[in-house]
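In structure tokens, one chain follows: the form predicted alone.
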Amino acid sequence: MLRHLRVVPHLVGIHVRTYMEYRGALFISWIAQAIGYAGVYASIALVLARFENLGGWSWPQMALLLAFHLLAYALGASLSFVQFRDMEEKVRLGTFDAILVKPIGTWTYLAFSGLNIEYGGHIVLAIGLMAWALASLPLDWSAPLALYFLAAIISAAMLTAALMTIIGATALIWVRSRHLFSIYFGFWELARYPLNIFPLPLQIMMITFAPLGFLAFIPTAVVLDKPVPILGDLAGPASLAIGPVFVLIAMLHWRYCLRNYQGAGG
């Protein structure tokens, strides 16, 4: 295990150096991604400027929700999205078999050899927007609240990486799994809005079957001391537990799929 961990910095370093061979393209990608998300957020800000709030959330509160949503996603997806989105191609073309014989854990190799630093634009925009939102909100910070906030970001990032691992691993059995990412991102789009604006069945789904309500709304509502539908006082502990729980589920699913992998030919 420790031997594998010592290899990780080398895998990351090789991948980063490859990206840095084309610095101009990388920086343009960061800027383009940031502008794209900033445009979406600007449209939400305009709606709130007209109607003052969305489900009881003011613009600074929504800005914190959006920043949390983007940061947690970027941190988790940098280790999982591109890597596992392409799993069906690796399976279909047979290139996944070559990864299986490498002297390192398969998930570790996939995640870190393909670390996506193109999410740098997401992270910079999210941190900037979060800093502005936190400065604009009258929050009564304390050490426990600050620790909760940081832990909730980590938990949400773990949830993102776990869900994408689960989706990607499914290709080892089904061969096709990319369509599941479309379903994921459908719920992901909804997760950038307050959960209380949706009908009850969708709220339940966003907390259970597609738990992307934990990606931003629930931890942000806890920090802002807003009521959380269905969970109530359990929202805080649940938002911290959701990441580790889904990482465990993803590990079990990944191992199950590896055991039952037979190649694209079945």
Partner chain sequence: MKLGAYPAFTATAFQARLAYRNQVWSSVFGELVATFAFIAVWTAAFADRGSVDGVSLPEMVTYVLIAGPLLQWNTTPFIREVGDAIRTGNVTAYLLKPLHYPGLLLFNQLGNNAFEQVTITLPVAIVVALSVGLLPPASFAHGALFLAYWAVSWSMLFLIATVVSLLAFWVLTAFALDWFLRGIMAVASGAIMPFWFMPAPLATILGNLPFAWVSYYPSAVYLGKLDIPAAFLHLALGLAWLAALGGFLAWLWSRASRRLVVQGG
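Predicted model, so just to flag it, every value in this text is computed and none were measured. Positions refer to the first chain, counted from 1.
One more form of this protein exists, namely the form predicted in complex with the partner chain; it is left out here, but the text below deals with it.
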Just to be sure I understand the contacts: of 224, 240, 31, 230, which is the one whose heavy atoms reach within 4.5 angstroms of the partner chain in the predicted bound form?
31
Judged by heavy atoms and a 4.5 Å cut-off, are 36, 43 and 186 together in contact with the partner chain in the predicted bound form?
yes
Give a yes/no on whether residue 201 approaches the partner chain to within 4.5 Å in the predicted bound form, heavy atoms considered.
no
Is residue 132 part of the interface with the partner chain in the predicted bound form - any heavy atom within 4.5 Å?
no
When the contact criterion is heavy atoms within 4.5 Å, does residue 149 count as touching the partner chain in the predicted bound form?
no
The partner chain contact at residue 25 in the predicted bound form, heavy atom, 4.5 Å
yes
Testing 163 to 171, 149 to 157, 135 to 143, 186 to 194 against the partner chain in the predicted bound form with a 4.5 Å heavy atom criterion leaves exactly one stretch, namely 186 to 194
